[in-house]
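We begin with a single chain expressed as structure tokens, specifically the form predicted alone.
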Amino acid sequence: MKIKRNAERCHGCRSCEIMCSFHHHGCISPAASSISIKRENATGRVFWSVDATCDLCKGEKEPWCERFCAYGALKVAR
């Protein structure tokens, strides 16, 4: 399984990045997240990546990045 992002729905709000860091380390720290979000302000383009530390929120009902995405841009490909 892996996380897929719908680029049309993603606004680069970074809530997935923050919730990921909270899942892994119990703190809000984008540097500690498995997800990296970069937004190009001039064009509005959002660049998104997930590194190998992603465990799809093992032990949780669903990945927190998907659960807390206000725009419904993330889905776990099952």
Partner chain sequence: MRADDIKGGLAGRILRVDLSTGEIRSDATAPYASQWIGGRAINSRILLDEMRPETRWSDPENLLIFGAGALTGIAPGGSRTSVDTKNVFSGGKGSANVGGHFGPELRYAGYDHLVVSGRADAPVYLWISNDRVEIRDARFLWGKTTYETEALLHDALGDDMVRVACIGPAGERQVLGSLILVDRAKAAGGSGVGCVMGSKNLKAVAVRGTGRLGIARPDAFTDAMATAMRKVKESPTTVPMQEKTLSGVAYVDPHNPSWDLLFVARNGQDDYWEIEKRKQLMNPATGAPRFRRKVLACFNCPAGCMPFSEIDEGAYKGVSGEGFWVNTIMSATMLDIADPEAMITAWLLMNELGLDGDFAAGMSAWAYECFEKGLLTEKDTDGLALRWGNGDALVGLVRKIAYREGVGDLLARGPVEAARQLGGGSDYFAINVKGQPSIEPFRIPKGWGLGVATSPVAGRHLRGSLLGSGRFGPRGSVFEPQTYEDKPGYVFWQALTKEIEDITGICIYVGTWSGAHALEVSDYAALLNGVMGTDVSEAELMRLGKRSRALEKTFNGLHTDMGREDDLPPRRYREEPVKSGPYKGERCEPEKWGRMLDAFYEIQGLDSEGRLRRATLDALDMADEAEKLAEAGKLAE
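The model shown is predicted, which means the values in this text are computed figures rather than measured ones. Positions refer to the first chain, counted from 1.
Below, we turn to the form predicted in complex with its partner chain, even though it does not appear here.
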query: Check all three, Ala7, Cys10 and Val46, heavy atom within 4.5 Å of its partner chain in the model of the complex; finding: yes
query: Ala52 within 4.5 Å of its partner chain in the model of the complex, heavy atoms; finding: no
query: Ile18: touches its partner chain in the model of the complex, heavy atom cutoff 4.5 angstroms; finding: yes
query: In the model of the complex: members of 35-64 within 4.5 Å of its partner chain, any heavy atom; finding: Ser36, Ile37, Lys38, Arg39, Asn41, Ala42, Thr43, Gly44, Val46, Trp64
